[in-house]
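First comes one chain, alone, set out as structure tokens in the form predicted on its own.
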Amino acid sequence: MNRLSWIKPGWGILPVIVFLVVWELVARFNLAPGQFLFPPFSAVVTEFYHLVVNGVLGRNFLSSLSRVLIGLSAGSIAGIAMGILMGWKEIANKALNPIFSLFYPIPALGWLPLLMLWLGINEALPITIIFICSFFPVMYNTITGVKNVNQGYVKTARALGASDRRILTTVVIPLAIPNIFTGLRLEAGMAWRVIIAAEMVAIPTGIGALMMKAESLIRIDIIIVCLIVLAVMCLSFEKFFAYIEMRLTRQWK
């Protein structure tokens, strides 16, 4: 029997509580470089409340959220479609893989200066960055999932008279779902990291832009609020895709 099996699931919150208490005490007793540069957790919570009440956090959060949702959705759909095509049709893989292999190593933010010149400073810029960030990993995970499907299942379905389209939709894609969702979970968090960086550099609205304004005013509490929002959203998106994968695969996984 596992020695830790007696620990209740809800007790996983205990380390977080201990961390927050230590944070509060360290700041209150000036054990860090001063309360000004290291505010206590209670001050961060108070500032979070003020930012919510006056609408500043809500406006900037919704700007970032809409960009992530649009860019991530478009990039994921395109990545899944291209991944299925390249994984299922070897001729498409041989034709397109060399091209994508050239662009994949380029970080999404590496495109920012060029896209600023091509698209200008507008909503299309961060959405395009998120699209690029999402497209390649989802595509490659989808290719891997399609190619790793047991060919015995494919041959059996073909022997029973199933068409290629039916084999693809009822055998290959369902069995590739775990790989597809691995890519989605990874990029759900990465999309938030990238959008924050893009907003800090080039976009005047959003959580990243709010962080830069707070930095110019030396408002450490606001910066920490933004970081907490970022952490919560990364975790929430990853958990969401894990939940959807579980619901889709629990009957046969």
Partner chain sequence: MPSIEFRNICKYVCSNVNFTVPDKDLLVLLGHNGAGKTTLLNIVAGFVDYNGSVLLDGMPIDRVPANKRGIGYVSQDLSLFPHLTVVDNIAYGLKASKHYNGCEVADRVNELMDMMRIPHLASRYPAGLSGGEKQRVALARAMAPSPRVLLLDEPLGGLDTQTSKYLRVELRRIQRKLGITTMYVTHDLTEAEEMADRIVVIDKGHIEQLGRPEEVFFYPASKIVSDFVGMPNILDCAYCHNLGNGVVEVGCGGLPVIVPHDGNSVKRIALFPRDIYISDTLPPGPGVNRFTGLVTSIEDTREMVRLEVAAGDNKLVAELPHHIFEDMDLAVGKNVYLILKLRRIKVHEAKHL
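Keep in mind it's a predicted model, so treat the numbers as computed, not measured. Positions refer to the first chain, counted from 1.
Note that the form predicted together with its partner chain isn't included here; everything after this is about it.
Stretch-level contact analysis of 130 to 138, 171 to 179, 73 to 81, 91 to 99 against its partner chain in the predicted bound form, using heavy atoms and a 4.5 Å limit, identifies 171 to 179. Within 4.5 Å of some heavy atom of its partner chain in the predicted bound form lies at least one heavy atom of G161.
Taking the partner from the other structure, its partner chain in the predicted bound form has a heavy atom within 4.5 Å of a heavy atom of T156. Within this chain, N150 lines the site of its partner chain in the predicted bound form, having a heavy atom no more than 4.5 Å away. Contact check for L125: no non-hydrogen atom falls within 4.5 Å of its partner chain in the predicted bound form.
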